[in-house]
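A single chain comes next, written as structure tokens; it is the form predicted on its own.
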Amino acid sequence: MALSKVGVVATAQTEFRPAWNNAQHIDLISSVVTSVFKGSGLTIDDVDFIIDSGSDVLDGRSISNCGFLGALGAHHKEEARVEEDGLWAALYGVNKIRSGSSSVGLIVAYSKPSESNVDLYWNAQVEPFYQRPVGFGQRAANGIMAQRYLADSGLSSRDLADLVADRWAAAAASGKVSIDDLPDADAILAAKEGAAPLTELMFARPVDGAVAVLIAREDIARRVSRNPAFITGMGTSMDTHSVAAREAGRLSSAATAAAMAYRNAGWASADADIAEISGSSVIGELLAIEALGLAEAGKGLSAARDGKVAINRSGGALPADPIMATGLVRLAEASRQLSQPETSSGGTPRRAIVHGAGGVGMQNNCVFTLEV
């Protein structure tokens, strides 16, 4: 029996800000849960299950989602928590519908890193006896990855800064990311050191915010949405925990996840029109572009700026990284560009690649393919 198709019916997201000082988690969550149903003809009563994505460590308490059930609309409903980026929560939800056990699902991811110490959050994920005591974490891992990438590719720090400036400009143009001072390449190079050779602005910027994605069985999606984007492929993979033991200069797990998704979809990366990609730093984004098959090794920059596939028209994760929600935001952005091409420049794309990542040095990767 063929598996049923699952469509993205609607999406909603808050503005992403460095800090939502006057809003609590439940305010951000209830905002997107309320908004996602507008215009769909569906209500919370039509939803069979709710899956949320967040981090107990970032939230500062265990089983933190239990405090948000009301805002999620999850009382008296099947509810589950995924302690990974929201794109994995979407993968869980799609499989529930494809199995035939459910028809409509609500996926919610949120983040409020302004209330946490983000460096300690990443530090808590590394090996506890030798790496954690010396402060190894996301910054050091990305710095090491960047040193190797620049040495192998021949790129300069100026090349990286130019791409970062483009990403911030795209995010500012979208109107969905709060940006007080739009940095140019000179400002990015002049920013304080993040982890040599990367400056602070070459890392993905943690922001507060929430996103909701409403998914449904094919017949329901076609009935309630004018032009739904369908999820046609999914893949996920986890690399070894030790950064030093991974394949140097390559995101192997991202390549494995992408191959799985493309095999499901029946097409290759070159057939895509757009891609929304996550990256913990500018080097992380370039490595992801190459792992997804959008460029050869060391050629990610050319693909990022002038490739056949339009990459991160939303700006991507560099100007706005709501940790635990970044991949689900990429799914929301890609589905919107496919379903409502009139809202963004760039023609009428038909196929999209969506990428999410988790773990120190992008250890875990998840890839979706979308089509209209």
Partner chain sequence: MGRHVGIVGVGQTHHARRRTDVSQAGLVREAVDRALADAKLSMEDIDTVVVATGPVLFAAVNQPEKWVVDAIGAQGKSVVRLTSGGGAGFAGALAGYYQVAGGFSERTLVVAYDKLSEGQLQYSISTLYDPFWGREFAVGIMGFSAAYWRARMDVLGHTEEAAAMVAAKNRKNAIANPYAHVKKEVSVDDVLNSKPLCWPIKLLDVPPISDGAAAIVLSSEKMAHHSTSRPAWIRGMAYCCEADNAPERSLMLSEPLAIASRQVYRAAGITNPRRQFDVVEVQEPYSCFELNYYESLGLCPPGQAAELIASGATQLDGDIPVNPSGGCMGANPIGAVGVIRLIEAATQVMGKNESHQIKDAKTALVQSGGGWANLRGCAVLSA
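Numbering follows the first chain given and starts at 1. In this text, all values refer to a predicted model and were calculated from it rather than measured experimentally.
Another form, the form predicted in complex with its partner chain, is not on view; read the next lines as being about it.
J.: Is S157 a contact residue for its partner chain in the predicted complex, using a 4.5 Å heavy atom cut-off?
T.: No, S157 stays farther than 4.5 Å from its partner chain in the predicted complex.
J.: Given that the partner is absent here, does L91 sit within 4.5 Å of its partner chain in the predicted complex, heavy atoms only?
T.: Yes, L91 lies within 4.5 Å of its partner chain in the predicted complex.
J.: In the predicted complex, is there a heavy atom of its partner chain that lies within 4.5 Å of any heavy atom of R226, even though the partner is absent here?
T.: R226 lies outside the contact set for its partner chain.
J.: I'd like to know whether E84 contacts its partner chain in the predicted complex, with contact meaning heavy atoms within 4.5 angstroms.
T.: E84: contacts its partner chain in the predicted complex.
J.: Decide if the three candidate residues Q24, K77 and Y121 all line its partner chain in the predicted complex, where lining means a heavy atom within 4.5 Å.
T.: Yes: each residue has a heavy atom within 4.5 Å of the partner.
J.: Just give me the single entry in R61, R305, K38, K308 that has a non-hydrogen atom within 4.5 angstroms of its partner chain in the predicted complex.
T.: Contact with its partner chain in the predicted complex is made by R61 alone.
J.: Since exactly one of M234, L294, A161, A171 fits, which has a heavy atom within 4.5 Å of its partner chain in the predicted complex?
T.: For this set of options, the contacting one is M234.
J.: Its partner chain isn't shown here, but in the predicted complex, which of 266-274, 136-144, 188-196, 252-260 has heavy atoms within 4.5 Å of it?
T.: Of the options, only 252-260 has residues within 4.5 Å of the partner.
J.: For the stretch 333-347, return the residues whose heavy atoms include at least one within 4.5 Å of its partner chain in the predicted complex, in the order they occur.
T.: Contacting residues: none.
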